[in-house]
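The chain below stands alone and is given in structure tokens; this is the form predicted alone.
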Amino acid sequence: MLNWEKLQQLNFTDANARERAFGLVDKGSFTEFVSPRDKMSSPHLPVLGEAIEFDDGIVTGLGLLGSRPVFVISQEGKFIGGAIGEVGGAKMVKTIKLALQTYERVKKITPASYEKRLPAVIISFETGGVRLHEANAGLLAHAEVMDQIQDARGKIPIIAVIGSKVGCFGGMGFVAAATDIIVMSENGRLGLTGPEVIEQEMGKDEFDAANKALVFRTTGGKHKYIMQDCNFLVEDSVRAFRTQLKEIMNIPFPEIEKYRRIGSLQLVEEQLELVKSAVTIGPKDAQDMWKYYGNDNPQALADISPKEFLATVKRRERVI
């Protein structure tokens, strides 16, 4: 049995998928869907002589944040790098579907006050993307998850949480970008192609994956916050992430749309303007962009605490 109070003290970076799932919601409120006891494991891995996990490396369930039902999806990076296959993808899809069904039911039963009980989905990403062992099944899983996110748009908030060791890369980087709100710690990393893959394909001169400072200032939470690729930056603890999630629950749902990065023509145009800026500026390092957006001493930003960072940093201005 997990000790909820102790979970709150954990560094989010070190917490496993189940600890994050239990710790992000109210004490004693989490109920797991398709737990290891159900032994829902990948049918593909044994054929390839690979080890399996009885939860397929992903924890899903339902908890509460105050009066709000919260559907949680939490990925485990220690199992095949958190890569998504058929079963893991199905668990993600069904969890979002259940959240949408709950939304419809709550709205029907309490039409005058359903906003106070509006469900939300929290996805704790720790993944390199598609599970290559499962090829097309893994790719299809990504597409189906994104399809569900679009079905949820305008109905329930879907919140990405990124602060674990593996980060969020590959196709799951696209999935995270499609959510309504992204919360990161400075240890969280987000991108499409992972540092090791860039180095493998383009060489160490292009990107040295062993240079941790370079990796974190390119894909880490501080850079993503400055670039408006993440909405909130928090300390590296389960408690800090949970506190931020509780605050997000108080944001009126119509305001949630303003936090999105993709999903409308205006946002596409905003992203295209960002591409034009990159061409004009010609940055050689992420810190060149930090300076362009008004941070005169970008190196200092990399070294200070998140609290000091948030008090002094200047971010890219949003159009909306």
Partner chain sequence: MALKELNFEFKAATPKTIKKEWAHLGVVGSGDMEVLLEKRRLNGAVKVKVVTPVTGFEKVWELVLAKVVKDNNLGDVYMEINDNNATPIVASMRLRQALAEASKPEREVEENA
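The shown structure was predicted, so the numbers you read here are calculated from the model rather than taken from an experiment. Positions refer to the first chain, counted from 1.
Omitted here: the form predicted in complex with the partner chain. The next part is about that form.
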Note to self: So if I measure heavy atom distances to the partner chain in the predicted bound form, which of the stretches 44-52, 64-72, 288-296, 259-267 falls within 4.5 Å?
What the structure shows: 44-52
Notebook entry, point to check: Among the candidate residues 79, 207, 103, 174, which is the single one with a non-hydrogen atom no more than 4.5 Å from the partner chain in the predicted bound form?
Noted result: 79
Notebook entry, point to check: Is there any non-hydrogen atom of residue 284 lying within 4.5 Å of the partner chain in the predicted bound form?
Noted result: no
Notebook entry, point to check: Does the 4.5 Å heavy atom contact test between residue 33 and the partner chain in the predicted bound form come out positive?
Noted result: no
Note to self: Residue-level question: is residue 276 within 4.5 Å of the partner chain in the predicted bound form, judged on heavy atoms?
What the structure shows: no
Next item on the list: Spell out, yes or no, whether the shortest heavy atom distance between residue 28 and the partner chain in the predicted bound form is within 4.5 Å.
Entry: yes
Note to self: Going through 3-22, which residues have a heavy atom within 4.5 Å of the partner chain in the predicted bound form? Please give them in sequence order.
What the structure shows: 3, 4, 5, 16, 18
